[in-house]
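One chain comes next, on its own, written as structure tokens: the form predicted alone.
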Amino acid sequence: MARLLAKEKLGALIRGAMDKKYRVVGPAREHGIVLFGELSDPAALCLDELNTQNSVKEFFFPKTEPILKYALGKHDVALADDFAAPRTVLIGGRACDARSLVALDRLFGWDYKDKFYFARREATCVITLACDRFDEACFCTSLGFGPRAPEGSDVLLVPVEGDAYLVEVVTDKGGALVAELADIFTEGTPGAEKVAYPEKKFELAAIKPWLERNFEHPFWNEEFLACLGCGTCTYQCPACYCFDIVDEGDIHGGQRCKNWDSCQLALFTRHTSGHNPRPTQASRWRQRLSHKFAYYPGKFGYEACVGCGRCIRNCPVGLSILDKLVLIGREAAAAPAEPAGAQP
């Protein structure tokens, strides 16, 4: 026997979490756009769209956040840190969203453990929905996982025949929440799973070696002339994490803030001298692709891309990272084999 949740009980699940004093975050329609946001009413949950326009990362790594506050006295400086992460249930994300949290975990827990990020991670129970559909921008299967992968989730809801979800408890945290809301679930034999798998578009293993050998390839200038440098792709990416630290205040005090930044903006690498080691959008796109598929996996053994397709759907000039990865895959397949013992 398996644990099941009737689709009509999703609202009851959200209401139950609210009654237990959880903040609940999920997809809701706002000004015609479906966005992740805090839900005040279970009826606001919107699963009409394949995915939200924003990503789940802003509920763990906010667009801007004070990391300390300070007051200047006559002879000293008083520091204050009043941060507290609210108990949260995040519901309605997809496997790609949950997987992005694993990528962020590795970065924010690397040489220094970011207490703000991990406090939110520990306080949040992630309930993920396996996908029953996909579009032309989805490419999770090309990255070696799929629409019902459990990584990063605490509870995975898999759609099955009979208007229900199969409930898979992934972590102890997820098990504790399911136990708290036990009356909402039933036991039974699940119907066939209704999970949709995108076609695999490229060979992931070929991407990193090609990037490492083709820093000066004409590909970069030929393929990215249309880029406006707006940063939309990075801000909507669930796995991008660049940030800046800024002090904001006056003679009496202020706060130190961590703010999102983007490698696609010209100022990101501009030196005080005026020199910019990445002077063109082509060089900035090269950095984005190389970071996601060569530098990051080289350091952490994990791609900094989850194939969610947000950057593709929302690029104002229609540039597609998927199209470029397919082109790189073709280039790699057409390249002559490296002689034995050759150095990259």
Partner chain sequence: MIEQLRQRARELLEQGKVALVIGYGQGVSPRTTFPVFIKKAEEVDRLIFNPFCRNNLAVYLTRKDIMPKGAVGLVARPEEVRSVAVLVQEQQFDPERVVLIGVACAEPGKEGAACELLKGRTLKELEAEAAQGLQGRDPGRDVAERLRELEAMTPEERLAFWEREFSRCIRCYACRQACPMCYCESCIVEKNQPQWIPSSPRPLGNYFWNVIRAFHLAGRCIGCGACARACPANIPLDLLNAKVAREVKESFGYEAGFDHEVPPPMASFRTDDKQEFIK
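Bear in mind that the values here come from a model prediction, so they are computed numbers and not experimental data. Residue numbers count along the first chain shown, from 1.
Below, we refer to the form predicted together with its partner chain, which is not included among the displayed structures.
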| item | value |
| --- | --- |
| Contact check for N51, T141 and A196 against its partner chain in the predicted complex, heavy atom at 4.5 Å | no |
| Among the candidates A226, A84, A179, V77, the residue which, in the predicted complex, approaches its partner chain to within 4.5 Å (heavy atoms) | A226 |
| The unique member of N214, T186, N259, T269 whose heavy atoms fall within 4.5 Å of its partner chain in the predicted complex | N259 |
| Listed range touching its partner chain, judged in the predicted complex by heavy atoms within 4.5 Å, from 145 to 153, 202 to 210, 101 to 109, 233 to 241 | 233 to 241 |
| Non-hydrogen atom contact D250 with its partner chain in the predicted complex at 4.5 angstroms | no |
| In the predicted complex, S290 touching its partner chain (heavy atom, 4.5 Å) | no |
| Any non-hydrogen atom of K299 within 4.5 angstroms of its partner chain in the predicted complex | no |
| 4.5 Å heavy atom contact, Q255 to its partner chain in the predicted complex | yes |
| Residues within stretch 297 to 331 having a non-hydrogen atom within 4.5 Å of its partner chain in the predicted complex | P316, V317, G318, D323 |
